[in-house]
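First, one chain by itself: the form predicted alone, in structure tokens.
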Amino acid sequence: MSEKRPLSQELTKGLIKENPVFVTLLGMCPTLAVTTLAKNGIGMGLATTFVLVCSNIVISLLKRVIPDAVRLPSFIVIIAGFVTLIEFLMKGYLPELYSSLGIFLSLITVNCIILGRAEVFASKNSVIASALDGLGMGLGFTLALFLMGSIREIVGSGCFWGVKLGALANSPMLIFIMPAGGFFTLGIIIAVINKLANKKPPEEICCEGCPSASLCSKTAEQKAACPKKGEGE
């Protein structure tokens, strides 16, 4: 069983602390592909949130019924059913957004975020906790896509939500709406988050107790200078 937390934490953990894009680096394909516009980011994020919440609820309800031998195939069938439903709804009521998202809407079925939450959380926890987990992770995913889409649209197109932004519209940096701009924007946002979170690089691994110490390229002096376990604490 997963670690028990208050239900409020199940909802909020995916927003920042365990954000599926900026922290766990999942769902990179739609994150980089559809975020050329802010509305595309919101559309993909909300569609994924719908599938996350619904699939988490159903998987949590059926967790004692689904045999272990067909667990993952069963999860994929459940997820695919909700993806098909959201595709029909978007095609009928939001055809422009449906066309913009294209094949990436169908690929929600194999999104690592959804499969990961189904396997790690929904299959081991209650219905309410699973629903909140899916909602929190989905909103965190939506927030990440909206932020990336907004930056890329403003800088790369000089517009926001179709409205031209003065001087930016006259000389946009087109690289931001290209694939390279997606990687660059993602890297900058992650770097800023890590800086604000005060994350430090991992400490140097000490030679003491290392099974590969005899094969290490360090000199005897460097090994002797390696801090011993417990020093500096």
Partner chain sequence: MFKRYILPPLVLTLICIAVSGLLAAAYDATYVDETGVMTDKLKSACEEAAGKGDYEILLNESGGKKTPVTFGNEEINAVITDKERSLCLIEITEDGYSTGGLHFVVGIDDEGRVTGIGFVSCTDTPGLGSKVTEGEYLKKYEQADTKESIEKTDNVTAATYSSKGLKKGIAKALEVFNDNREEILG
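Residue numbers count along the first chain shown, from 1. All of these numbers come straight from a predicted model, not from anything done at the bench.
Not pictured, yet referred to below: the form predicted in complex with its partner chain.
- Every residue in the set 66, 74 and 88 has a non-hydrogen atom no more than 4.5 Å from its partner chain in the model of the complex.
- Taking non-hydrogen atoms only, residue 100 approaches its partner chain to within 4.5 angstroms in the model of the complex.
- In the model of the complex, residue 36 approaches its partner chain with a heavy atom inside 4.5 Å.
- Its partner chain is not shown here, but in the model of the complex it comes within 4.5 Å of a heavy atom of residue 84.
- Contact annotation: residue 61 falls outside 4.5 Å of its partner chain in the model of the complex, judged by heavy atom distances.
- Between 75 to 83, 130 to 138, 143 to 151, 109 to 117, the stretch whose residues reach within 4.5 angstroms of its partner chain in the model of the complex through a non-hydrogen atom is 75 to 83.
- A heavy atom within 4.5 Å of its partner chain in the model of the complex is found for one listed residue only; from 42, 177, 54, 168, this is 177.
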